[in-house]
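One chain is shown next in structure tokens, namely the form predicted alone.
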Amino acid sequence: MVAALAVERIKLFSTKSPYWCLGVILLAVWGLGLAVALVDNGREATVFVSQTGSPMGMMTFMVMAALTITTEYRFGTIRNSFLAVPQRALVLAAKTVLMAFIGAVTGAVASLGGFFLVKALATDPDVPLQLSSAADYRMVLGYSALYAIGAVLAIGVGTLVRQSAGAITALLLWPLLVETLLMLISGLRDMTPYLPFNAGFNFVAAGGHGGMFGRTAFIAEGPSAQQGLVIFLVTALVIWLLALLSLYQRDA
């Protein structure tokens, strides 16, 4: 497993694209957080608002994670990987562990950096910005868990779809379009907080039931923060297991 992880790390960072993706993630999280939090001379600066760009950063990281597997199918290098490591599960597990670890670190750095940037630049003395409760820490450090789980989900989707465009489209349309459209259907509206991405982002929502970008805040009932994280995690694991099964049933 250690050797497989080393190989995946070398493959990932042998090109410039991961560095560009990580830079875009930090720019999105820090830039959007500052743009929103510093409105009206910093009077809009709160812990939750400092993380305005974190959902976008997470979606960018999921695209990056999916590309680690789809590009191998595109260029045919996945065959070499399976020839070098006949245990296909080990190859997929190594990619997943590596990206989940990078996701956890990236999520922590991006969210903490966004918070401290806003804290340093928000000059309104009437709006103290500090991590004073467990909920505050969850709003910031919770993105570390979401990024890691998002990597598992993205690699699963990438393995199932195998095409970069298809995987990226699925990962972006799922939270941004599908879960939003279901919210507009009256008979299904009450279930939308339990959908994977809404539930997952509820983990870092202010006061609970925030969903992705806070869009389910008007719905009275929904999962707790911890339940939302479990829903997102279970969804990611189920898709990853389906992807693992497909590795053994389909030709490389």
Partner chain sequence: MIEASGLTKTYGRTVAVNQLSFLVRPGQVTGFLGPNGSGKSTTMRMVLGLDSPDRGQALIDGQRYLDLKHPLRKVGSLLDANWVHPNRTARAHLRWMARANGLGVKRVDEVLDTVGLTSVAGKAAGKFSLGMKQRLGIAGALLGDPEVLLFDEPVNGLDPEGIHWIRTFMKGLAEQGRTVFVSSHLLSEMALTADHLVVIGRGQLISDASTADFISHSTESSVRVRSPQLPALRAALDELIRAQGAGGGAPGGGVPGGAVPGGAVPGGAVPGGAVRVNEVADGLTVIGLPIEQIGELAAAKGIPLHELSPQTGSLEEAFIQLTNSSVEYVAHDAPGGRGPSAPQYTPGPGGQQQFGNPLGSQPPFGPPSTPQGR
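Only a predicted model underlies this, so the values are computations on that prediction, with no experimental measurement involved. Positions refer to the first chain, counted from 1.
One more form of this protein exists, namely the form predicted in complex with its partner chain; it is left out here, but the text below deals with it.
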Per contact check vs its partner chain in the model of the complex (non-hydrogen atom within 4.5 angstroms), the hit among 87-95, 135-143, 164-172, 113-121 is 87-95
Interface membership of L83, its partner chain in the model of the complex, 4.5 Å heavy atom rule:
yes
So in the model of the complex, does L241 come within 4.5 Å of its partner chain, heavy atom to heavy atom? no
**OP:** Please check if V7 has a heavy atom lying within 4.5 Å of any heavy atom of its partner chain in the model of the complex.
**Re:** yes
